[in-house]
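Structure 1 and structure 2 below are the same protein chain in two forms, each given by itself as structure tokens.
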Structure 1
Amino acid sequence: MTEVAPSYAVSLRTISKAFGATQALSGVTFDVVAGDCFGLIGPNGAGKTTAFSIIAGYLHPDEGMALVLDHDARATDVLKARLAVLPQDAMLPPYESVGEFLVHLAMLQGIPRAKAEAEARLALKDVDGSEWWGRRCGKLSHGMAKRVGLAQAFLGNPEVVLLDEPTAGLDPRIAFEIRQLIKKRKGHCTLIISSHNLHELEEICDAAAILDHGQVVASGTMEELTAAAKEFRIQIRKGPVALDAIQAIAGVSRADYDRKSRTITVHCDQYEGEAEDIISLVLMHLLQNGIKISSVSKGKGLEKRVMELTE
């Protein structure tokens, strides 16, 4: 069977952008598969905001090409109803009601007046905020305002949605609820999220690009970035660990044991099958030898991977 090439919703090709003597981006290239949730990752000053702004059409690159839905990202008139953006510090008009605000934005997107209210109400319902329709935006809590911002981004079912730090400054419960709302949109559009919350991105995203000093230092699926198919960790409670026996298991290339954390790290980078096959064999060996297991995790984790790749 012939493998079908992926369709890209966003493609950056050798993008460079400078602000005076500061080179914000240098030769940045990556693709976002249509329908994926994609993360933009990197420390402060890595170039995330600049890349985000170029995709949104807010900035123009000095060199290279940014394509969104097969159009130049600078073609904002063509993309205005197909691409939506929620900036980190988006402000709502304090004296307008939530309904007035969303209807106004729906009409700016080209939705006819007769349909604008229905679309606005649907978007607000999607973020569990129907009861806020008549409330002034200035009277909303921070969490409510963030939900209304999401409603604005999802208004009219755009094909690509850019979210900049969507849970920044929120308490854990509200942040969790916002993540669930974002997850509900997966599969309905392409999501690009810029965030410093690496655990959040690892939970939500299908793929990501890691930037550092204006360059892409790694990109790929979340499984590829975290080496989820190449290594796994087993934390044990008690029992002697025979690394030689583990390393003798077919498919295992190396095994290490950290006595302080009581963690066995098993590498299977040469194995071409499913990592779960080796996990099952190693766990069976440990259980048969009376070793009690506390937890099992695949890969390095996104946080550790980013720390390795960025300064």
Structure 2
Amino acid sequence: MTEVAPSYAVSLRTISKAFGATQALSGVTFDVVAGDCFGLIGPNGAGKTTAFSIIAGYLHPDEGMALVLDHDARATDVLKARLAVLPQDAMLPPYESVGEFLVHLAMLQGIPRAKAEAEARLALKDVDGSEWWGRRCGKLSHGMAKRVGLAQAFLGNPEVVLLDEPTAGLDPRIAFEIRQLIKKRKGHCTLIISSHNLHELEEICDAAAILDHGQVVASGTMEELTAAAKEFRIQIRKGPVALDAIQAIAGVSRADYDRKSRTITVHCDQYEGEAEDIISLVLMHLLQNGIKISSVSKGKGLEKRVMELTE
């Protein structure tokens, strides 16, 4: 049986971009599989927003090629209504009402005048902002403006949506609500999200690229990035722990115990079965020996992985 190659919604090929003497991106290459939720991760100044802006066609790369849905990222005429963006630092037009703004954008992306208002109202309703229709954009709070930004990004159901720091600067409750909105869209389009909130990305994304100093230091599925199949952690309430017995379990290559955090870290071999089989065996062993378990987590956790990879 032949394996079907995945189709990519976005492909960056050896992209470089400098602003004066500052090299923002250097040879960045990654692919985003169509339909995936993809995270762009990295510390401040890593080049996430620059990469976003190149994918959106806002910036010209100095070198390399950015393809969106197999077209040059700057081919606005073909990507119109298929690619949408929530830009991080673009101000909504303060003089315009939310309704007028959304209707104008809907019409610009080719939605007929008769349907544009209905589509705009629907997009605003999806972000729980129906009552802001007549309010001027300049009068919106930061959280409201972010939601209106999301509404315009999802207007007309585009195929690829770029969300640059969608929850930055928001209070936890609104950030949570925005995460729920994004989750609702997952599976309906390709989502590319940049965020500092690594727990958020680990929760939402299927795959990610980690950027540091303008270069991709790691990319792959979330499972690959967090080494989820190779390592798991068990936090216990109290010991003692017989590490020798755990290491004797099939598929376990090594086990360590950190007394301070009362955490057992189990490293797995290349194993034909699933990591869950090994977890079950180890847990069974611990329970049989009267050890009380506080929590179990697969992989290193994205945060730890990012800390290892970035300076």
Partner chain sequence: MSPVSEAGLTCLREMRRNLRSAKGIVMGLLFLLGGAAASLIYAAVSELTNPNRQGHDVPEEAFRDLRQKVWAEVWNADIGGYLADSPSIFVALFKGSLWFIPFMTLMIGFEQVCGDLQHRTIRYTAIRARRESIVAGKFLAIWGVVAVLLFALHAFVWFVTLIRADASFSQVLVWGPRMWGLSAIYTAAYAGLTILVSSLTRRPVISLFLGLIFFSLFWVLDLAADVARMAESERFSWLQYVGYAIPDYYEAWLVTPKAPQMLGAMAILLAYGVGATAFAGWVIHRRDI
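For residue numbers, the reference is structure 1: its sequence is counted from 1. This is a predicted model, so every value here is computed, not measured. What we label the rigid core is the largest C-alpha set whose atoms superpose within 1.5 Å from one form to the other.
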Please let me know, 1 or 2, which structure is the form predicted alone? 1
Is residue 172 one of the residues whose C-alpha moves 2 Å or more between the two structures after the core fit? no
Once the core is superposed between the two structures, does residue 86 show a C-alpha displacement of at least 2 Å? no
Rigid core fitted, then: does residue 97 show a CA shift of 2 angstroms or greater between the two structures? yes
